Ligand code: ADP
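First, one chain by itself in structure tokens, the form predicted on its own.
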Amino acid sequence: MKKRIVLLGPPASGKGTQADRISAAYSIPHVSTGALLRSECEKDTPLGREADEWTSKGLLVPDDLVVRIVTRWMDEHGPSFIFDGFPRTVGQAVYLDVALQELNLPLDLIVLLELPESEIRRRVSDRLSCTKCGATFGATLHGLSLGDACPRCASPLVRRNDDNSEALDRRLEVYTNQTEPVVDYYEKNSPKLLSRINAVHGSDEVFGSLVRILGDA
């Protein structure tokens, strides 16, 4: 059973949804680095203050600092994890490999959820998000509308500020320039760990594919 997992993919490919499902099914802690950075800053930890020195100036948090925050999270949550959309850059991937090697906790699996741009744009235009728990839903798929109660926590559903065409263009550009090279890095350095899944299929079918991969010896 694979328990140290990196889950990569473009916007709207379902990374968060699938990471949540894996976490619930196999009791593997799931972390999003964006949420982790926000939490460290809100708790005013030493690492959070260091990160805030960069984010308060509108700058990206350095790769080595992101990995230090992630490894601190690992110290608290144990040797199993699902990293959702992390590492985002080749620099983060390199720092993460070094950190995991020092901890003797090598990755078990890297999954790329593949999705064509046309489907990415369709999903984003149809997406609703919860103001409280952060869950996302397809309005058409789940029969929901703007302002409806979140099926998980009953808070209002909204459209995220970055779920518009211009913001999506920027996110896709960042993904192409920064994260796609991470896939190339793993393909070169850890080809046996990398699996690709067509994320066009429904959530249940994608999860079924993940379950089969997770159970491989």
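For clarity, every value in this text was computed on a predicted model and none was experimentally measured. Start at 1 and count along the sequence shown; that's the residue number.
Just so you know, the form predicted together with adenosine-5'-diphosphate (ADP) exists too; it's not on screen, but the next bit is about it.
Site residues Arg21, Arg123 and Gly138 are none of them in contact with adenosine-5'-diphosphate (ADP) in the model of the complex, judged by any heavy atom within 4.5 Å. adenosine-5'-diphosphate (ADP) is not drawn, but in the model of the complex it has no heavy atom within 4.5 Å of Pro151. Taking non-hydrogen atoms only, Pro46 never approaches adenosine-5'-diphosphate (ADP) to within 4.5 angstroms in the model of the complex. At the 4.5 Å threshold, heavy atoms of Asp184 stay clear of adenosine-5'-diphosphate (ADP) in the model of the complex, well away from it. When adenosine-5'-diphosphate (ADP) is considered in the model of the complex, Arg171 lines it closely, a heavy atom lying within 4.5 Å. Comparing 87 to 95, 71 to 79, 142 to 150, 109 to 117 against adenosine-5'-diphosphate (ADP) in the model of the complex, the single stretch with non-hydrogen atoms within 4.5 angstroms of it is 87 to 95. For the partner-free chain shown, Arg160, Asp162, Arg171 of 141 to 176 come within 4.5 angstroms of adenosine-5'-diphosphate (ADP) in the model of the complex, judged by any non-hydrogen atom.
Put simply, Asp64 and Asn189 spread apart in the model of the complex: their C-alpha atoms are 3 Å or more farther than in the form shown. Note on Gly48 and Gly14: their C-alpha atoms are nearer in the model of the complex, a change of at least 3 Å from this conformation.
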